[in-house]
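Taking the form predicted alone, here's one chain by itself in structure tokens.
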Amino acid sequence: MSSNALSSTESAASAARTALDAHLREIVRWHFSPETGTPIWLDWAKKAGWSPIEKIKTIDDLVRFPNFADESLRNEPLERWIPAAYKGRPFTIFETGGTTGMPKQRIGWDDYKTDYEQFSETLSDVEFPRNGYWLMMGPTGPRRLRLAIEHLANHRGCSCFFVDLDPRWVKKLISSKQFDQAKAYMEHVVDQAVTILTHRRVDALFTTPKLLEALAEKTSIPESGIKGVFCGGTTMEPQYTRFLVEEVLERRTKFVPTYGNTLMGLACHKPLTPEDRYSITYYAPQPRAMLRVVDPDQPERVVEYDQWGRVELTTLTREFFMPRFLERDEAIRRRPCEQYAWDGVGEVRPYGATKAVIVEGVY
């Protein structure tokens, strides 16, 4: 990299950091002020004995917070997550996977719309044409994806077909070694998508990697008219990504992988280049969310670039504040790139994947 390019990258990174620090102060002030604040955080500050508004000035100060305990999203009454400024407004309840036991629940109003409208700006009108039709083959029900994908389609002037998937049931079948039933359920889902593709025009598809692969066994995705595939969910290692791009999509349909969840929103991928060798890097939607790759044994410490660590998420919106949540994922810490002037996470996979068998199902 030339000195001019390096200087430009450093300048962009500095500006992004300044913007992130300013946004952090705004969000902390919002959630910890009696006028606008959130009951659970106002109570937390009283018990902690210090004022986040006074002490949290930069991202480096976030280590004053302990890692977020996600049990509070299962056990605390939903009303305790309502910022005072939103009191009286009906909210939407979104659930995470919830493979076993009570799922985590996040309430919200417009965050999912903002997240996906911002993501829309990264999509090409050629591969994801406006005023067309989308097909979502994935989890609906209580999951944020159902409303989010439809809003994304609508935001681009499109309408959306849906084929439902219950990932909890698939994981339950796999965990109990009912592999024939899991395969039959996947075929049931895929057959519905094939029926829609046979009788209706579809320009863009959202699905998971495993379902995308299964769909390609029944029909040619490019020949079906799909120009772009927005794909998220299970692990995508470089060799598998290469398979999806070259074999499943035949290098004719655009592949847009994403990394996201109910608690974060949507991280965008760095467009793949030959130098990447199909290794995907994702970048958080700063300043609304921030990702770090940290030492699992000392989560206050960020690992060096190109090293593996555990993914830590901080969510920073007026609807939801969540500091330093240790995700159930691990990744490689990657450098900023031309499109995104902050750290990325590469080759995301379930935390502990090299030490144990992780059941991911089809999502």
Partner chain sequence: MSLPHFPILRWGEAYESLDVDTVVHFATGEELCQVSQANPGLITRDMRQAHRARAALRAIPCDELCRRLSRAADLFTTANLPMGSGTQSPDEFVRCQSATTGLPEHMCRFNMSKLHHVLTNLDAILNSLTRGLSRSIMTQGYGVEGEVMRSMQANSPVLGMVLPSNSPGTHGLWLPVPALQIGLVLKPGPLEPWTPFRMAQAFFEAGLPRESIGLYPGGAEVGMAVVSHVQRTMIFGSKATVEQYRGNPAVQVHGPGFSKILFGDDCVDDWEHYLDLMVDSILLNGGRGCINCSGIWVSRHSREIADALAQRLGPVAPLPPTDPKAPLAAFTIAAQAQGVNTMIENGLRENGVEDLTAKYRGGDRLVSETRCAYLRPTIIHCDSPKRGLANTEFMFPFASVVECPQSEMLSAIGDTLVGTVISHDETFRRAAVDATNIDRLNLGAVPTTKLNWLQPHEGNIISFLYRERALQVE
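Numbering follows the first chain given and starts at 1. Just so it is clear, the model here is predicted, and its values are computed rather than measured.
Beyond what is shown, the protein has a form predicted together with its partner chain; the following relates to that form.
Heavy atom distance at most 4.5 Å to its partner chain in the predicted bound form, all of Thr18, His23 and Asp110 = Negative, none of the three is within 4.5 Å.
inquiry  = Considering non-hydrogen atoms and a 4.5 Å limit, which listed residue (Thr198, Gln239, Asn75, Asn131) is close to its partner chain in the predicted bound form?
reply    = Spelling it out, the residue with a heavy atom inside the cut-off is Gln239.
inquiry  = By the heavy atom within 4.5 Å rule, which residue out of Val248, Cys160, Leu272, Val190 makes contact with its partner chain in the predicted bound form?
reply    = Here the answer is residue option Val248.
request  = Look at the stretches 259-267, 135-143, 272-280, 201-209 and give the one with heavy atoms within 4.5 Å of its partner chain in the predicted bound form.
outcome  = Result of the contact check: 272-280.
ask   = Just to confirm, Phe243 within 4.5 Å of its partner chain in the predicted bound form by heavy atoms?
value = It does: once its partner chain is placed as it appears in the predicted bound form, Phe243 has a heavy atom within 4.5 Å of it.
inquiry  = With the partner left out here, check for me: in the predicted bound form, does some heavy atom of Glu213 sit within 4.5 Å of its partner chain?
reply    = Heavy-atom contact with its partner chain at 4.5 Å: present for Glu213.
ask   = Does its partner chain get within 4.5 angstroms of any non-hydrogen atom of Asp125 in the predicted bound form?
value = The answer is no: Asp125 has no heavy atom within 4.5 Å of its partner chain.
request  = Verify the contact flag for Glu217: yes if a non-hydrogen atom of it lies within 4.5 Å of a non-hydrogen atom of its partner chain in the predicted bound form, no if not.
outcome  = Glu217: contacts its partner chain in the predicted bound form.
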